[in-house]
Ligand code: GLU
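Below you'll find only one chain, the form predicted on its own, shown as structure tokens.
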């Protein structure tokens, strides 16, 4: 059975690149009717924070990524010690008593010679008796993995293709720090093997780690999984995606009012597309059906924020149900202090305005005239009202409104034409007068939509306040 995992470190918020990795790993598992594991890699005691783990879980749940098993590395130290001892007993690992100062000297020497640094290996020749003596003297030590000299480590990456790295390029590496905590390259092997991970999907920055991990798999007698290293995500300037390109964490997009379905869909298209199709909008079920790692592009993908905004707008307008839109946008309207107690009215507003905004934070501003009682009108807009025949227009509108109901935008347009004909004014004077009086703005949701949605008494009251000041 195919089994994948997502293994983030709780040292910061979930980055878009890591979210895409989680999505690809999840989709591949589900496509193959396999299992998906979430493993929090919190062995970095200084940088790992509980708040980051909580936010990480919240973001993954928000994106709709469900996991079958959950683990924390910090709860598995006894297991790691067992496998460290196995490597020590088999001679695949040894204690290293080199001090940080000695290692720094080695690095400086390599730099002086202009060669890449690799550990000299001087502690690998210590006899068990010599190592035991140093331990008894209280000398601090790390544990290093004994890398075979000159070995070429070869693997077929499911995205990057054939990769070959010589073991001499990195030399013996630390698997347990001097404080007793195991390092990433060691614990990830033990965890993936014991959890039955068949496919490791992760970023291409992990390629240098892969040969080290393959050697540990072999030394412990574990089956080596298949690897799929995903290309980086670039900003539009072709540099690695970072904060200078704007929001880069899932939390930012959640708080800004993007739909998780839209973000999930968009991230899928960063480096993947179904063969023979130029479609861009997919449900999660369709993505599970279509996704395969063999279709992932090995070249970097470019993140385009405006494209994501467009896709989110498509989801708001055409994809999600009114019920889903209501459920997702309600917290934003509540946070703005709007009265949303009348569910039927709120849904009516949403149904009629869903083509007016691309995010929920944008919607909060655009929908303000539907929910507030008092409208602020700037001095320059008051001047506009005074320059036009606004008093006549608004008076006629309020008077006619008393005896009729405006159920649809067409009803509003019909009434506007009547007033235009009677008063002999230009259409612009009617629409601008109404827009300023009812919204305090010159742009926004269609005024015909607003007038056919807003309760009649609120329209008359709002116009009345303006007429009072104009008069």
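Numbering follows the first chain given and starts at 1. What you are looking at is a predicted structure, and each value in this text was computed from that prediction instead of being measured.
Only in words, not in the display: the form predicted in complex with the named molecule, which the text now covers.
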Checklist entry - Would residue 452 count as a contact of the named molecule in the model of the complex, using a 4.5 angstroms cut-off between non-hydrogen atoms? => result no
Checklist entry - With the cut-off set at 4.5 Å between non-hydrogen atoms, does residue 429 touch the named molecule in the model of the complex? => result no
Next on the checklist: Is residue 282 part of the interface with the named molecule in the model of the complex - any heavy atom within 4.5 Å?
Outcome noted: no
Next on the checklist: Using a 4.5 angstroms cut-off on non-hydrogen atoms, would residue 53 count as touching the named molecule in the model of the complex?
Outcome noted: no
Item to check | Single option in 352, 199, 366, 202 placed near the named molecule in the model of the complex, where near means a heavy atom within 4.5 Å | outcome: 202
Checklist entry - in the model of the complex, which of the listed residues (206, 254, 309, 160) lies with a heavy atom within 4.5 Å of the named molecule? => result 206
Next on the checklist: On the criterion of a non-hydrogen atom at 4.5 angstroms or closer, are 5, 8 and 188 all touching the named molecule in the model of the complex?
Outcome noted: yes
Checklist entry - Among 339-347, 374-382, 180-188, 357-365, which stretch has residues with heavy atoms no more than 4.5 Å from the named molecule in the model of the complex? => result 180-188
